[in-house]
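First come two forms of one protein chain, each written alone as structure tokens, so that there is a structure 1 and a structure 2.
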Structure 1
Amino acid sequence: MNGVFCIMLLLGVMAAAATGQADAAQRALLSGGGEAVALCLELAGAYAFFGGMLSVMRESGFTDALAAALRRPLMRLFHFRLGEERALSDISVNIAANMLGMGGAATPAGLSAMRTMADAGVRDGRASPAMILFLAINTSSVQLLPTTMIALRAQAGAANPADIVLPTLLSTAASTVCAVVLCRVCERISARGGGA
């Protein structure tokens, strides 16, 4: 990925030089770095608040309760191969954290779930249907509380930063349903063709 970014940067600089806008490109590069640092510092307070809120939710048992509530539906949703069901706890925690907008907290559980499912059987480097479905659900990620976007909107001066909660919930729910349906369709097509 670093190589892709380097190529994009070099192409942009060459295009700016070719069009006679090298000075503007240089100013944009220098000011962009400063703006990125300023944005990180401005968002630090919001992230500290939401990180603290997640800690309170963990200590109170709310995230565990949400993960436990997700276990039964997830058992029906995923077609686990032998041994892959051991990842269910990590999958539940990952999805619960994502639903609360805590992507940073969800990542370790997601990686652990993928490792557990990968270790459950040898597939010559190919992902199982459960792994693919988990990745699709993780990517589409139903958001009950989009904390990062709320923080960004608050920092940008939005009058009501949380007014995106309902539209975000509806759109992410729709994207997750589409992801699950597409995974099921592809899984059936693969099964008919004799794929893994």
Structure 2
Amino acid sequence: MNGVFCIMLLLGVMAAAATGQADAAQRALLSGGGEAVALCLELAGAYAFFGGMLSVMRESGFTDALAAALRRPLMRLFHFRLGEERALSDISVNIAANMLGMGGAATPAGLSAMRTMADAGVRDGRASPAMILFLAINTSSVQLLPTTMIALRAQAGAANPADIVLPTLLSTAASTVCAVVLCRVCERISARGGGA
């Protein structure tokens, strides 16, 4: 991210120098951050609402129930090596929390799952198929309700801020299915090739 940020800044300054727009560059630098402050103030209500609702769900045992329901299908989805199956409960909690958009609860469980799978035996730092599949599912996003986007759209004055929910759900499902299929295919190819 360091590289991306520095490139953005240097590119902007060079473009300003090349086209003689020093005024525009200075204006952007001084007021750009102000947009963020205004944005955060306007998002505050929505964040409090979603945080509060999710917390009530968590304390009512909804997350635990979802994690328990996910255990069996996940056991079938993952091809665990011996010892890796001990990570199953952390994986269930991670995916349940991610579905509900609780990133704060998902990350510790996810890291713990990764460490448990690594403890089951890692040869010269190579990720196992189950670890890769777990990462791919995590990076394909399984969130059921895009809370931040709804809040952002409400702030931008969208006619119906929640109108993106269904396409988002379908598109995230497409990417998750694609991630699982790709991992399976790569797993098979690398197993046949003696583990490239």
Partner chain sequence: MASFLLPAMLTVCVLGGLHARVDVYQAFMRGAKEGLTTLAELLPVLASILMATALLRETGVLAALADAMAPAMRALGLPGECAGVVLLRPFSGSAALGAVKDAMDTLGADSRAARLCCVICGASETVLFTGSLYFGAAGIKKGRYAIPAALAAYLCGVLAAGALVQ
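Nothing here was measured: the structure is a model prediction, and the numbers come from that model. Only the largest set of C-alpha atoms that superpose within 1.5 Å between the two forms is called the rigid core. FYI, numbering is relative to structure 1, first residue = 1.
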Fill in the blank from the handout: Here the form predicted on its own is displayed as structure 1
Problem - Rigid core fit then Leu74 CA moved by 2 Å or more between the two structures - result: no
Exercise for the section: Could the core-superposed CA displacement of Gly103 between the two structures be given in angstrom, to one decimal? Expected result: 2.8
